[in-house]
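Starting off, we have a lone chain in the form predicted on its own, written out as structure tokens.
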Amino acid sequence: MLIKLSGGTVYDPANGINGEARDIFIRDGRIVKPGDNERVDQEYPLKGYVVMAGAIDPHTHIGGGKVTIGRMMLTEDHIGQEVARGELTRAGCGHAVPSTLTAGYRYAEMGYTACFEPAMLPANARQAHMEMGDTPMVDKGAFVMLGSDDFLLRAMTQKKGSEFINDYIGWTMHAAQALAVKVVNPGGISAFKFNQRKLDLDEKHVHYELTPRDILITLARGLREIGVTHPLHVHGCNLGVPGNDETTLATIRAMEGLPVHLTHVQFHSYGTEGDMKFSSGAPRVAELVNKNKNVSMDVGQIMFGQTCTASGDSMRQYGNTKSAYPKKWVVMDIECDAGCGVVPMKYKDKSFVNALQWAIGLELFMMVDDPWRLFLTTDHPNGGPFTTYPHLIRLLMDRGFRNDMLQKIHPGAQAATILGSLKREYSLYEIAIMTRAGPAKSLGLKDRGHLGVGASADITVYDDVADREAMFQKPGLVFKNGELIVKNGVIVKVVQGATHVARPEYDRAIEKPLREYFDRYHTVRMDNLRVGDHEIIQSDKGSIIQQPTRARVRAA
């Protein structure tokens, strides 16, 4: 069956197409070039509509223990957010921490066709995959957490060498069925267990005598050497602490040109100027990011209203408990791997701190030059629910609207930000880069995020209206693998997406010391930690897409 999308205004940055009227043809779930006389079986006339690839969220907490804790803890989050069972959809609920089903439906209704869980513990990988597998409509994948795990820190302390550590990274990615590697407060989660309450970039872990700098360089270099496409995904030291802009600048310089992705940078761009000893470090951070082409980042934009922060960074989440709203929280240790902190939060536009956080995120969006290295996120749900993305897009595209919103926030925050002087307005082409082509390139998704021949037919069609929030809130058509799944913002077919993984090579000899370690220290056997292909394909009724990795570079 040949499907034709005719005459739409296409924005496809990966192929250099910027607002051109184009026809797109689909056959067997792929974008194709039809034969000269090939008959079209179904046509969608799209003159006057905007056509983009399906959107990709590269950093959203949709699966794993911390999300489950948030759902259980915040019963208030479900009231008034119930989704009734329909002819196609099943019942769900939730706003900041929606149920798996609700998350999948709402992503698809906004034109998203893929989203990635950025913090999956090896010990919790099975549950994370089960929750992602239960999230319909979208492709998924997860970044496995390393950097506070006892096995790695022991190996570094014992100077085991890069080959040993690289084999461990590769084995962990296979065992956890991961697409990439995330480090959260490098070494800091472990240090918290030894009663350290902070760990700066060059401060030594009290037990292992390693610094976060040591851990970052080891992991970043290891990922490059074993050929993983996505750079080390870094949640840095001192999240949310005034003065952490200095840490962020030092972290960028510390990477020595190694590829690195800095995540939710808004939370890491705080200065200490002014009467409140809290100011924006966004100009300095943006300037250094612009100069260092090895660095990419996502923003983690604050959006006003009730949400829930959920992070592996138990050290910093413990510090956040005093700001919990409602006044309840969970901070916990997880075996020898890491930790977890879940703290509900309500961001208020009349709060000086919250309002300036909001402005800092937007300053970063305005001042980082290259949209190919800058991705649109709220660090769902930490900065706000992903359902606020259409509002965020309007803030980026409409300076008048942005300045109107600026006038409504705390007057002290207005005076402390340069946001009102920033004239930049994002184009549809730039939005397509940040939400499609850029994330796909960074994650190595070669057949996603673009509309070229051979790409998976994940396509979103928007009505080109002046109100960009309304435009991105409710697409006219959404196709997943060539099937129409959403029409006028309403789900018309429920589908199951694939799970993306990366499988770099590793020496299986690493399994001998790993097995000995598991037998001595862990409550689960090494073989039981592994997540098998059948668990994703059969239990989750999905499929696995293995993303290519580069050839491994052996250390000299």
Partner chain sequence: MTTTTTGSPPPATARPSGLSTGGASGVHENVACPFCGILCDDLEIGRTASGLKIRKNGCDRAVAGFERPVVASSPQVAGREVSLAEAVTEAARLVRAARLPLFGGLGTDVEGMRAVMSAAEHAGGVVDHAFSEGQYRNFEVLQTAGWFMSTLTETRNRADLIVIVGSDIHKLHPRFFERIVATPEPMFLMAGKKRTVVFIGAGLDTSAATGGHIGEVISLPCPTAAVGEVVSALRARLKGVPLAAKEIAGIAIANIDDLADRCRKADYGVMVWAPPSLAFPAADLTVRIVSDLVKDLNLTTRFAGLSLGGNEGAVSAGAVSTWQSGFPLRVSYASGKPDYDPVRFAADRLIARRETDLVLWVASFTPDLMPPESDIPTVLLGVPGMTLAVQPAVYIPVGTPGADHAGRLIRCDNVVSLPLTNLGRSTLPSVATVLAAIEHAL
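Numbering follows the first chain given and starts at 1. Note that the coordinates shown come from a computational prediction; the quantities given were computed from them, not determined experimentally.
One more form of this protein exists, namely the form predicted in complex with the partner chain; it is left out here, but the text below deals with it.
**Student:** For R126, is any heavy atom within 4.5 Å of the partner chain in the predicted bound form, or not?
**Tutor:** Output for R126 is yes: heavy atoms within 4.5 Å of the partner chain.
**Student:** Does N528 make contact with the partner chain in the predicted bound form, using a 4.5 Å heavy atom cut-off?
**Tutor:** Yes, N528 sits close enough to the partner chain in the predicted bound form that at least one of its heavy atoms falls within 4.5 Å.
**Student:** Check whether D533 has any heavy atom within 4.5 Å of a heavy atom of the partner chain in the predicted bound form, and answer yes or no.
**Tutor:** Output for D533 is yes: heavy atoms within 4.5 Å of the partner chain.
**Student:** Answer for E109 alone: is it within 4.5 Å of the partner chain in the predicted bound form, judged on heavy atom distances?
**Tutor:** No - in the predicted bound form, heavy atoms of E109 and the partner chain never come within 4.5 Å of each other.
**Student:** On the criterion of a non-hydrogen atom at 4.5 angstroms or closer, are L101, D337 and S543 all touching the partner chain in the predicted bound form?
**Tutor:** The answer is yes; L101, D337 and S543 each reach the partner chain.
**Student:** Please identify the residue among Y208, Y426, F352, F304 with any heavy atom within 4.5 Å of the partner chain in the predicted bound form.
**Tutor:** Contact check passes for Y208.
**Student:** Which listed residue (K204, K293, K198, K328) meets the criterion of a heavy atom within 4.5 Å of the partner chain in the predicted bound form?
**Tutor:** If I apply the 4.5 Å criterion carefully, the residue I get is K328.
**Student:** Name the stretch, out of 470 to 478, 76 to 84, 376 to 384, 354 to 362, where some heavy atom lies within 4.5 Å of the partner chain in the predicted bound form.
**Tutor:** It is the stretch 76 to 84.
**Student:** In the predicted bound form, which residues of 500 to 526 put a heavy atom within 4.5 Å of the partner chain?
**Tutor:** The stretch touches the partner through R503, Y506, R508, R515, Y517, D519, R520, Y521, H522, T523, V524, R525.
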